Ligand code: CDP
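Encoded as structure tokens, the following chain is the form predicted on its own, with no partner shown.
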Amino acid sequence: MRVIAIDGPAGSGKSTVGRLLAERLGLTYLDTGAMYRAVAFAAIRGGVDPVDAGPVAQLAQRIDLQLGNGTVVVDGVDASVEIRGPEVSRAVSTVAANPDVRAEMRSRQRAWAAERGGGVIEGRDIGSVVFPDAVLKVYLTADPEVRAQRRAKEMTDLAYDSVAADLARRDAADQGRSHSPLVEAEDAVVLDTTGMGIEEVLDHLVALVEERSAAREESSG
């Protein structure tokens, strides 16, 4: 199974890099953050308090979740736009900190990769927890100001200051949670994208994938 794991904080470029890298490598792309947002969306839509761990975990285990080509369908409802909205963004850290939700999502992520023989998978614990044997583990990062600017462009209904404050809160929550916190995997390649163009990032990662894949084939042969 050929898994490329991309982790990092919000606004570091994971989604853009992940999608384009998958295209270059001929692999399928999975945004695991969208999965947690989908659970948060389902909780809000169903009147379940995101803080109420038990009911949220039960919801995560039973929802029908379909991801593909930039769309996220939750129980038959296209939630592609709503999961990126401010209400879900405020709730997703709480949902993602729920250990039972994380266990369910990990199971789904591993099943997704097994069905496809791998893929480019991005999130916050992919290389450190979900796929520790990934061909390549990348930890993308960037200056907080740059990350906030990137995210503000995506969320046009929110001011930069609000986005920056939300990112700081999300960073603290992701790094401080007790279950699968945001960390750099020991053997991850750390890449600061602050001053890099997307093509430069992609060229660098493609070269690393080829290098690691060749090394694996040599060691197994």
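One rule holds for the numbers: they count along the sequence shown, beginning at 1. The structure presented is a predicted model; accordingly, all values stated were derived computationally and were not measured.
Omitted here: the form predicted in complex with cytidine-5'-diphosphate. The next part is about that form.
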property	result
4.5 angstroms heavy atom contact with cytidine-5'-diphosphate in the predicted bound form for P55	no
Contact of Y36 with cytidine-5'-diphosphate in the predicted bound form (heavy atom, 4.5 Å)	yes
In the predicted bound form, R124 touching cytidine-5'-diphosphate (heavy atom, 4.5 Å)	yes
4.5 Å heavy atom contact, L205 and cytidine-5'-diphosphate in the predicted bound form	no
E104, R108 and R110 all contacting cytidine-5'-diphosphate in the predicted bound form, non-hydrogen atom within 4.5 Å	no
Proximity to cytidine-5'-diphosphate in the predicted bound form, single hit among R90, R84, R150, R116 (heavy atom within 4.5 Å)	R84
One stretch from 44-52, 187-195, 63-71, 173-181 that, in the predicted bound form, holds residues within 4.5 Å of cytidine-5'-diphosphate by heavy atom	173-181
Heavy atom contacts to cytidine-5'-diphosphate in the predicted bound form at 4.5 Å, residues of 1-22 in sequence order	P9, A10, G11, K14
